[in-house]
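Only one chain is included here, represented as C-alpha cells and corresponding to the form predicted alone.
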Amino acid sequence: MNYPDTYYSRTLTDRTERPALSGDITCDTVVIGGGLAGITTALQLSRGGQKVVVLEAKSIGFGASGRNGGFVSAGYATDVEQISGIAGREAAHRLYLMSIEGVDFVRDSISGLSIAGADPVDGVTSVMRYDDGDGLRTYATEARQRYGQDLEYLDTARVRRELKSTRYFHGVRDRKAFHIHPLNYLRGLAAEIERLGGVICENSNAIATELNAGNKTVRTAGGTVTARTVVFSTGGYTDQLNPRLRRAMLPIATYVMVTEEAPELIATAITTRDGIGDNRRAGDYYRLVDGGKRLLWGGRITTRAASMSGLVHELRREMTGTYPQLRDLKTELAWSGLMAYARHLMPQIGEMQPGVWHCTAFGGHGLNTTAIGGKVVAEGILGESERYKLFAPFGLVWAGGMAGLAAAQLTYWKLQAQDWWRERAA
C-alpha cells in the first residue's frame, strides 16, 4: 500500500486498496484530499443523501491525518484570547464549544461504526514544567464554568506518581479527551462512505480544474469528475492546483518516533495511559501504544526538509532529559509528516466562490477540530447550518511564501528560548 513506514501503517486493520479514477463520473460533490477533513466532509455529505467522490493523490490518510500523535482534545493551535481578538468574544466562545463537540463526534463515530483498531484510550493530561499551581487551578475552574469541561487539577505529588520526572510540577487532566490510532479511524470512516454509496479513488492526483458557474470539473490522469460542488481539503500537501489556497498556508514538518517493545522499562517512568502534552509553547507530546508496550513520542517542527536522524536525536534527548531512566530504551521507528498552518494559526474553512469550498490548515489543532471542520462544511453544502461562517475572520490570507516559512522557523526558535528561560526562572 502507498503509505510511509510508520507505526500506524504497520498496525493497519483494514488494508483495502482502492482503484484510481478511470473514465468520467458525475456526482453531487467531489472532495479533493483524503485526509480527515476531506473524509469527514464526504461522510457527512453521504449521510445527507449526496453522491460523493473523493480523489486522493496517494492513499487515504497518507498525509498528517494518518501519521499524527492521535490526540483528540478540545482547543485550537492558538488560545481563546487570540481568537477573541480577531473574531470577538462571543464567536471565540462558540468556536471553542465547537472544538469540544468535535471530541464527541470522533468518539461517537468510533463507537457508532464499531471501527476496528481505532483503540480509543480515555484521558489527556497537560503538564506544567514550572511551578504555578494556583494559575493551573484557576484555568481548570474557568474551563468548567465557561465550557462545562470536566478538568481535574493534579498537584505535584499526583503528577510525579504517574510521571516519574522532576521536570513536571502540576497538571490538568481532561477526562473526556482521548487518544486513538488515527489511520485505523480514518479508514473506518472511508469504509462507511463506500457503504453509503460514495466513491473513493486512490492514486488519483487532481491535475486540473474548471470551477466556473454551474457544474465544475476535476481532472486526473485517468479521468474526470463533474460535480455541482468541489471541496479542497489537501492540507500540508497542497500544490499549485489551487494557487490561492497554496499561498494561504505553510507546510510545516513535525516528527514522531516509537520505541521498541519494553513495557517494564517504560513503566519505571510512566504509569498512566493518558496522552501527555507539556505546557510549553514549543512542547512535546507522547503516549503509550500497543497496549502499553511501546512509547510514542512527538514534537519538534521544521519548515524545510531536515535530517531524520538528527531530529530523532533531538526527540530522544527530550525523552531522556525528561526521563533519565529511559536512556536505554531504543527507538524502533521514526517518521515525519507535513501539516498545514495558516498565518493566523486557525483553520481555514469556508466557500471561496459559489460551489467551491475549502477545509484546511489544521496543523496543531487536533483530530477533533479537523473532524468538526469537515462536519460544518458539509452542513453548509447541505444547507443545514451556516456555522462555517464562524471561521470567516480567519480567511485565506497570504502566508508569506518563503519569507513566511523563515518567520515561522524563527518564531519556533523564539518560543523554545522563551520556554527555556521561563523554566530556568521557576
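Note that the structure is predicted; figures quoted are calculated from it, not measured. Sequential numbering from 1, following the sequence displayed.
Keep in mind the form predicted together with a small molecule is missing from the figure; the text below concerns it.
- Exactly one listed residue, out of 356, 345, 338, 97, brings a non-hydrogen atom to within 4.5 Å of the small molecule in the model of the complex: 338.
- Here is the short version: of 206, 326, 258, 193, the single residue with a heavy atom within 4.5 Å of the small molecule in the model of the complex is 206.
- In the model of the complex, the small molecule lies within 4.5 Å of some heavy atom of residue 241.
- Put simply, residue 198 is far from the small molecule in the model of the complex: not one heavy atom of it is within 4.5 Å.
- In the model of the complex, the small molecule stays beyond 4.5 Å of every heavy atom belonging to residue 139.
- Although the partner is absent from this view, residue 380 stays clear of the small molecule in the model of the complex, with no non-hydrogen atom inside 4.5 angstroms.
- Remark: of stretches 387 to 395, 45 to 53, 22 to 30, 363 to 371, the one touching the small molecule in the model of the complex is 363 to 371 (heavy atom within 4.5 Å).
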